[in-house]
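Have a look below at one chain only, the form predicted alone, in structure tokens format.
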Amino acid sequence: MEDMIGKAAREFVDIFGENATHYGDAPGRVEVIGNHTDYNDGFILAAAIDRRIAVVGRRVEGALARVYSRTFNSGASFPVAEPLKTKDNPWLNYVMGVVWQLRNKGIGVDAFEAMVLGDVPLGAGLSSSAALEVATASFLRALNGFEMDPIDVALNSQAAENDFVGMNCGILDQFTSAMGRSERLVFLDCRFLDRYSYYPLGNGVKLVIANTKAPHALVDGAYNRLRASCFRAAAICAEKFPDKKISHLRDVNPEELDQCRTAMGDEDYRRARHIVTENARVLASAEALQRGDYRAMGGLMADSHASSRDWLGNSSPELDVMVDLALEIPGCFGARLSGGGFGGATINLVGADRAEAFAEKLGERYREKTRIDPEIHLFTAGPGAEGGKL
């Protein structure tokens, strides 16, 4: 972490000719289980990963912010008082969105110069966008001296992505990035954010992330359509069972859902069935982790993938191949797609002593099967966001 901040500070001097004074940095995240449950007020187990994005910079006079991304080797400026969404540098929208959201909340943001540098793999469903948002918020909090607790950092970063970028994500990505903890999974109750807790991820297992290299683009509307389908299903259940005061699918059990199947139609029912059963799998997974039962946890992960594939409909041929191959390799307890889906990456829970051999074998078999060269990463659970003076 300190090394990434130090690298970003040196890059800042190269681009801007002065020393940076403040920093914010935040990790990517991996959803271990709990697929699309966040915006349904459900449950999730996730991990902040030990790959991060750092934002370093300094306050400047005037009305413009100047930001440079070493990852994309591009820079741009924008007025801090009125950021406008751009197509030229899409990464900049996540920075501008945070500035826009803070100013909407009445929080003063001075003009600044900033360097963005990170090693969160892009396009693999590891939430590099959320890491950038949370790192930006942490940097601006340190630079401008305002108070904001980590949960509010997550909420404001989510609002920036929802309302400025135009991606209606739930709270999972930003919350995990802000609240992660080393060697722990974050358990999140998306209805009551202050009821989060942590579960041990023992040193006997590793998280292996396998990027299928299938396209992973959620802002194209597929995610938003799934979200709308779930809300329609919840509304039908609420009408059917008015005494339950149902607001989200989190409030619905399988028997109640089945009673609403005809009214909601096949597509909305299928999406809702995944959410209702996925919440139960998350709770069962937390219990399995508590007793160190990785085999049970892995089985629940495999069941989650099958549900995402067959009921939610957000898998892809490449994701299915990657999961099927992983489950055949010794040392793998479980595998599933992670994140929004429609491409991106799988997460594999693997015995630590077999993780490297597993990664090598999985890459070989996937290449043989698809003729696509994947990216395989071994991760540990890392700490959440930080910010301060350099």
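Counting begins at 1, following the sequence as shown. Note that the structure is a prediction, hence the values are computed from the model and not measured.
Not on display, but discussed next: the form predicted together with a small molecule.
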| item | value |
| --- | --- |
| The small molecule in the predicted bound form: contacting segment from 88-96, 298-306, 192-200, 163-171, heavy atom within 4.5 Å | 163-171 |
| Contact of Asp38 with the small molecule in the predicted bound form (heavy atom, 4.5 Å) | yes |
| Interface membership of Gly331, the small molecule in the predicted bound form, 4.5 Å heavy atom rule | no |
| In the predicted bound form, Tyr223 touching the small molecule (heavy atom, 4.5 Å) | yes |
| Contact test in the predicted bound form: Gly343 vs the small molecule, heavy atoms, 4.5 Å | no |
